[in-house]
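We give structure tokens for two forms of one protein chain below, kept apart as structure 1 and structure 2.
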Structure 1
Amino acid sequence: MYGQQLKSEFESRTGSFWPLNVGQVYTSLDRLERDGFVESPGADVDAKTRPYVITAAGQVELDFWLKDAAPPKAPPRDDLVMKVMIAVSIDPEGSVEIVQSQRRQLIERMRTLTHVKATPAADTPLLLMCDAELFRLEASIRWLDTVDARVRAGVSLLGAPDETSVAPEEIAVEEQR
């Protein structure tokens, strides 16, 4: 396939949740070709319609990537988490309203995704992406419920660590085991 075909195929296989910049696709293809993971038998063809095929080394690398677990790393930056933590640190009692507002918005997103899943056009990639997002949203709602309960109980989220607190570096070490 050439770059635009690969872009379309990726978006189709991931339920179109992550649109790609076609320029990034071609940059990645150049790097993959340089590293011997793809080759292009049509080197004399226009770059936009130049076909690429995976090499044996590329197939080995792809198989490894698909089967290998993602390496442990710090949690991704999450606007919801940052907003709530800052709100709680500024005004714990007032943060209850912010937590509840965020919770309502997440529930509304879950309703929207549930409706998307029920449409006749929902193919397998779209269903899988909706499921993944629904699980992520559900986890966020559970976290907000925990924040709400702690704030209402008067537990300081940003105060002095208690005996059950775990430092971030301890989490990273534990995940590597």
Structure 2
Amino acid sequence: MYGQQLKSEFESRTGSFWPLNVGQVYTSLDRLERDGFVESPGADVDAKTRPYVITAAGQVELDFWLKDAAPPKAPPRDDLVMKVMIAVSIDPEGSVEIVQSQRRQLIERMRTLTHVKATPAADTPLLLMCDAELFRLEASIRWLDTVDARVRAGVSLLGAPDETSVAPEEIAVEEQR
């Protein structure tokens, strides 16, 4: 398979959500060839005109990569979470409107994605990518619902941490293990 082909295949199989830079594809192919995971006849020919084939070692590595869980990461910096936490800390009761505004905008984004899913042109990669994004947005909405419920229950997010509270850096450390 040629580099340009590889780029097209990757994009069509992942719903075209992450367009690739073809230069990056050739750089990666060079490294894979160096490590023995792909091979290509005519090493002296320009990479753009050379077909690449996966090797047996490359197949083993690919199988491992597909089955291996993504490495754990510290909780990502999330603007939604930050805005809502700041709003709750300033004025818990007034935060209700901010939470609702965020919820409405997330639902509107979910409607757009659902509209995409409902179009006859939606193929399996696009459906799967829309599903992934929809579940992510739904998780944010469920978090907002929980914020709402906690604020209604009168739980102060400004209180001093008690002995059961866990600092964010501890969560990150725990996840790295």
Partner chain sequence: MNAISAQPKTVETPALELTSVCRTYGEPPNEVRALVDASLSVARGEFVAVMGPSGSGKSTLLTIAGGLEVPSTGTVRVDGQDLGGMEAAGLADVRLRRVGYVFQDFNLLPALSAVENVAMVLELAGRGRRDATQAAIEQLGAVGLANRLDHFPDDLSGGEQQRVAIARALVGGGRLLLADEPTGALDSVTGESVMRTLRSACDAGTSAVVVTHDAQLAAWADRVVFLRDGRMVDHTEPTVPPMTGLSPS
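FYI, numbering is relative to structure 1, first residue = 1. Between two forms, the rigid core is the largest collection of C-alphas that superpose within 1.5 Å. Keep in mind that this is a model prediction, so the values were computed, not measured.
Form selected (criterion: the form predicted in complex with the partner chain): Of the two forms shown, it is structure 2 that corresponds to the form predicted in complex with the partner chain, while structure 1 does not.
Where is the hinge, among 24, 96, 146, 133, for the turn of one rigid part against another between structures 1 and 2? Where the rigid parts turn against each other between structures 1 and 2, we find 133.
Using C-alpha superpositions, by what angle in degrees does the smaller rigid part rotate between structures 1 and 2? Treating the chain as two rigid parts, the smaller one turns 15 degrees between structures 1 and 2.
Cα displacement of residue 85 between structures 1 and 2, core-superposed (Å): So the C-alpha of this residue moves 4.8 Å.
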